[in-house]
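The chain that follows stands alone, in the form predicted on its own, written as structure tokens.
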């Protein structure tokens, strides 16, 4: 059983990742912490609460986190996810309220109370994690593992030519997290760009009219029609769900040890992730970095297995109409 703490900024693909966590009997979701990213934290917090209620899991605590990056001006991606973050899908006002303490306090409490047991999955900007590890550096040795969806190592970025959104949105927080000394699996665009699901696959999941799968279909339709059509996008990149899947079956992904750093000063390259791999067969060995690796970096993915796992779990958990 994986005891999971999910830090997120829902977000369409964040919602799909949350549903995978809820559909997985081998995951015990301890809490959800929210952060500004895809949309403002007011929206991401409401979305997390509403999605949990839609899935019939309102008892899982949700903690509101940071509303802005550590240093840079805020950036959001509502042009991708819609003004409310869920592709315009209007869920009922949640009955549950966020817990009274800040997301950073929840992260610290959960890890300190269960040394070596908590897997921390961060699928949004890393602001909450950076503040938590700065306040209490011991959590770097007490967490079981940190999964981060972020970065573009050997591929172009998705918000600038060199930067992936989660890192770009708070590069200073990402720098802190990458250098905190905890065990990190970095699930970057190098893998997630290949982890596609087609519209027909979401349609197949929604055939039994469960509210969760109907919500999934509507969000993906919005993304492909309103954002993707003009850009030639015909399938949905499962960025955050793949990161979540790494908590369940890390062997879905090919990993290589790497030293990864973040560009903080570049006028045109802010948020770029630069990776030095321990074995750089296709790069000049003289370029190898003298520092030790700080992450296991994703370099490939078994897309067929991942999609099959995702669809099977969602179908089993949410296939029956209420």
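Positions refer to the first chain, counted from 1. None of these values were measured; they are calculated from a predicted model.
Below: the form predicted in complex with a small molecule, not depicted.
**Q** Have a look at 186, 123, 178, 219 for me and say which one sits with a heavy atom within 4.5 Å of the small molecule in the predicted bound form.
**A** Looking at the other structure, the residue within range turns out to be 123.
**Q** Any of the heavy atoms of residue 149 lying within 4.5 Å of the small molecule in the predicted bound form?
**A** Output for residue 149 is yes: heavy atoms within 4.5 Å of the small molecule.
**Q** Against the small molecule in the predicted bound form, would residue 38 count as a contact residue? Criterion: heavy atoms within 4.5 Å.
**A** Residue 38: contacts the small molecule in the predicted bound form.
**Q** Can you work out whether residue 165 and the small molecule are in contact in the predicted bound form, taking contact to mean some heavy atom pair no more than 4.5 Å apart?
**A** Looking in the predicted bound form, residue contacts with the small molecule include residue 165, since a heavy atom lies within 4.5 Å.
**Q** At 4.5 Å between heavy atoms, is residue 158 in contact with the small molecule in the predicted bound form?
**A** Yes - in the predicted bound form, heavy atoms of residue 158 and the small molecule come within 4.5 Å of each other.
**Q** Quick one: find which of 233 to 241, 92 to 100, 170 to 178, 134 to 142 has residues within 4.5 Å of the small molecule in the predicted bound form by heavy atom distance.
**A** Looking at the other structure, the answer is 233 to 241.
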